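In structure tokens, one chain follows: the form predicted alone.
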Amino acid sequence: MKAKITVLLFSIFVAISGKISAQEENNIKLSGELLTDQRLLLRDNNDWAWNENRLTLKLDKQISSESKFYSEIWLRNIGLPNAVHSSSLYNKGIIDPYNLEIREAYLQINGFLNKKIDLTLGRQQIVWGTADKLNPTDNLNPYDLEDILDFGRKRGSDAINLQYYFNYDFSVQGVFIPFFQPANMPVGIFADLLNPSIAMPQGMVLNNFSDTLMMPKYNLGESSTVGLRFKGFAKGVDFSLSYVWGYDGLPYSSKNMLTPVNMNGETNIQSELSFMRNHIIGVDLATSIGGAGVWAEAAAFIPDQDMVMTTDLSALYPGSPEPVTQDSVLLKKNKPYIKFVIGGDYFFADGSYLNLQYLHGFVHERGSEGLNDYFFLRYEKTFFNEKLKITPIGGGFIVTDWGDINENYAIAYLPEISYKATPNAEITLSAAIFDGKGDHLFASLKDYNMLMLKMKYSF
């Protein structure tokens, strides 16, 4: 009921704003898009894999030459009906699931205290890095992993963002985020993709698993994130140096308590999941060489403390006077590991486009031994004055163990055809084909090959 009232009030606000803005010199700019995203699995019965209908509304109000307001809101019908009991038929939220999400809502003040200082307050997405979607240096906003195929999506953070301009070419930026926000995990058929497999001790069988999330306390000392970036342009090269002191938005298993259920080896596991704070030092650059765009960025992640996983076996030794535990050090304090990406793109005279990237370390990977290698390639060509776009080559090749590639690899093939029926309306038909071997995110997607249809109208 509350969500319906919110939508109604927002609709009234938009309607009123539209009437008022027609009489104002500085109009409120309303823009957005309507998107439908449908996917079905390419296997027996062709189960529906994804259903999303999204209305994006963007309000951009230039209050004066010194300030502006911006917001982006998603109104969505997402998911499939999940009715289990007859009582569910009385709940529209189950029969027709929907939600409202404020992606961004902030006020920007130019010339704050000094004409060289800009201040941005509110929920905002602060994008750092020069690579295409996959940015190791972009660590201020939490990952939005709801759709595992939408690489690089982030949520907005409530932040204080100050930027000081030395001149047109050089600036320094400081960011303070008071509240920690964890990453949200994949949903639907992708829900278990990022959950680690549980290796049971010999002779034991998992009976039940439960966990408790150990969130940082919400105070200035424990929950805040700070970032600092120096950005410049020299000799045709855009570059920046950055530092972030903040949490990894994906939790790790910090404690596991094993409790036997019976004499057959069936065991329950109660797990505690914690979040790791890191110092992150980043560098990125972008330039043009022979007409081709080239970029590179790297980030060194330095754990603020040892990342330790404790296994409590006390329940297996009821007569022991002391707790029986085993500690495994997953990451060591002040021992850095480096994620990096190198890539480039080129527009050909015949209307085709080529984009390739090499990434070392995906968003969920940690530690020098846990980083894998990703090779991404996309080639597309347009026809009929860019009304038709065909992408015959798109996807990636992943290697998790160079010593035994045949058993530790993954392939993602994502061909696509897009047609612009009007300048504002685009229809896209694509497929996602996966294959691979080994214990890896993309290799585990090989059972989820799918056909995807998207229709988008921008206004």
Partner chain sequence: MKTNFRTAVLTVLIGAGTVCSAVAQDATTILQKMDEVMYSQKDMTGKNKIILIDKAGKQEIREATIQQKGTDKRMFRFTAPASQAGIAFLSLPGDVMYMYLPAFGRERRIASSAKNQNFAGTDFSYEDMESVPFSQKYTPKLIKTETDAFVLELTPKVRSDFSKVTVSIHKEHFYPILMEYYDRGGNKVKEAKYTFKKIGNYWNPAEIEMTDLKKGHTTKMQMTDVKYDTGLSDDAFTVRALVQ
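Numbering follows the first chain given and starts at 1. Keep in mind the model is a prediction, meaning the values are calculated, not measured.
This protein has a second form, the form predicted together with the partner chain, left out of what is shown; the following refers to that one.
**Q** Is it true that 206, 252 and 335, all three, sit within 4.5 Å of the partner chain in the predicted complex, judged by heavy atoms?
**A** None of them does, since no heavy atom lies within 4.5 Å of the partner.
**Q** So which stretch, 219-227, 366-374, 314-322, 344-352, is the one near the partner chain in the predicted complex (non-hydrogen atoms, 4.5 Å)?
**A** The contacting stretch is 344-352.
**Q** Of the residues 196, 111, 81, 201, which one places a heavy atom within 4.5 Å of the partner chain in the predicted complex?
**A** After the contact test, the surviving option is 111.
**Q** So which of 130, 267, 161, 278 gets a non-hydrogen atom within 4.5 Å of the partner chain in the predicted complex?
**A** Result of the distance check: 130.
**Q** Test of understanding: in the predicted complex, would residue 182 fall inside 4.5 Å of the partner chain by heavy atoms?
**A** No, residue 182 stays farther than 4.5 Å from the partner chain in the predicted complex.
**Q** Evaluate residue 92 for contact with the partner chain in the predicted complex, applying a 4.5 angstroms cut-off between non-hydrogen atoms, and reply yes or no.
**A** No - in the predicted complex, heavy atoms of residue 92 and the partner chain never come within 4.5 Å of each other.
**Q** Any of the heavy atoms of residue 214 lying within 4.5 Å of the partner chain in the predicted complex?
**A** Close contact is absent here: in the predicted complex, residue 214 is far from the partner chain, nothing within 4.5 Å, heavy atoms only.
**Q** Is residue 43 close to the partner chain in the predicted complex, meaning a heavy atom pair under 4.5 Å apart or at it?
**A** So residue 43 does not count as contacting the partner chain.
**Q** For the heavy atom contacts within 4.5 Å of the partner chain in the predicted complex, list the residues of 196-235 involved, in sequence order.
**A** Contacts from 196-235: 231, 233.
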